[in-house]
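Have a look below at one chain only, the form predicted on its own, in structure tokens format.
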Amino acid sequence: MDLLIKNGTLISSQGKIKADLAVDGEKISAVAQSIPTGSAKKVIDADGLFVLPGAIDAHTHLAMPFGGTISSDDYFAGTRAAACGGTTTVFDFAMQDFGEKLTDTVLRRNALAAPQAAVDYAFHVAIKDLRDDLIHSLREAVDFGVPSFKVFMVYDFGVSDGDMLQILQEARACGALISVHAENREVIASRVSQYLAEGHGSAWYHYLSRPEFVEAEADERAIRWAREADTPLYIVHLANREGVKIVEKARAEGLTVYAETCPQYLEFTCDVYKRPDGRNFVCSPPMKGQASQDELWAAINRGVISTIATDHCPFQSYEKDWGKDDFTKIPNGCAGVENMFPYMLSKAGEGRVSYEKVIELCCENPARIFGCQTKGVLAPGKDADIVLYDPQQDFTITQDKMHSDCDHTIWEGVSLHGYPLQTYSRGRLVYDRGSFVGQEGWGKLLKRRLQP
């Protein structure tokens, strides 16, 4: 065997076990109470450490054109940061160009990702154009191995309600899963115009232009269309209290609705937009009030939230400064791919959530929902995506310790108790005690099939 990890505590959604884990090549070959060291090329004594599956971040925007610029992390920087935070699979949103077939969108973006990615990656395709029968290329993309798609209810490239219903109906016909950025575009536009006309341009008005009800109304509308189409729906970056209740009600009525939330909504509230550096926190949906944050944590523990992801979409501070007097000019997005898994595990150490729930949210559920057959669990035959985690290591997040290309982090100064020591991607060491030791281009494109 190539690697033997002994005496560690392995964690799954089902509990903790003291066990050894063996790796041959890129796969886990055995998990047992005791595995002899005789044939092992390398042995690690993990006594006192947690042995975890690599996390899956199902929501990133790498090298994404937005707001007159491009997000600061390309596929190498973003996946390097992911590896250094214990995330071994990254899903990126490939944005369809107008007039482009959806499979061509994947091929175009993969030409950028393949030579750069340091860990494994997959794509969702963000749909913008249904003209000329392009909607029927949905089936072609599913057959290619990309069965998950996104629609935006906001921005100038967002889809109409009619188009959204049509997309959901097509998804049902070909076995695809649609995710949705749910906010009310018309209400946002009206409120933005009002605040700018009144001379209000600070980051605080970004929040006021799209507060809780603007998101909740769209959550309810999106679920209504999914109900009509009789197809599952995945709501990305759910951030509001009422939306949690709407999702919970729909699920109680038998609908398959998945809800994702993000670490920034669990740590920060809308008060950050009153800070001098508030523009750095501008993302959409924005952070909401304390009541929403409290409800998100409660929803995690009730099982209403299915996954944690980051919406990683960082921009440089000088680009954020474009909107210092006009919030509409601030590129929307924050860094988070390196922080998600350590943050959630630290919260488990505090007792806010269980370690088992963190593995469910960050590893097992994303793998199950999005058809990552070889990811998400520590079991023989699965990819050797492994994180060695020290639950006693104190770590304070600072920009100089991060591995993104972005020049700042909204997580500056946040203290964590517990931190990853090593990350393995398909059996290869890619992060070791503070340093990236992987290789650009190591990551592979995951082709997937959704399970019924």
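As the structure is a prediction and not an experimental result, all values here were calculated from the model. Throughout, we count residues from 1 along the sequence that is shown.
Not on display, but discussed next: the form predicted in complex with a further copy of the same chain.
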Contact residue in the predicted complex, from 173, 165, 196, 291 (heavy atom within 4.5 Å of a further copy of the same chain): 165
Residue among 275, 108, 352, 221 with a heavy atom within 4.5 Å of a further copy of the same chain in the predicted complex: 221
a further copy of the same chain in the predicted complex: contacted by all of 271, 391 and 410, heavy atom 4.5 Å: no
Partner-facing stretch of 80-88, 246-254, 283-291, 113-121, counted where any non-hydrogen atom is within 4.5 angstroms of a further copy of the same chain in the predicted complex: 246-254
Proximity of residue 19 to a further copy of the same chain in the predicted complex, heavy atoms at 4.5 Å: yes
a further copy of the same chain contact in the predicted complex: residue 27, any heavy atom under 4.5 Å: yes
In the predicted complex, residue 201 touching a further copy of the same chain (heavy atom, 4.5 Å): no
Non-hydrogen atom contact residue 402 with a further copy of the same chain in the predicted complex at 4.5 angstroms: no
Contacts with a further copy of the same chain in the predicted complex, stretch 164-201 (heavy atom within 4.5 Å): 165, 166, 169, 184, 186, 187, 190, 191, 194
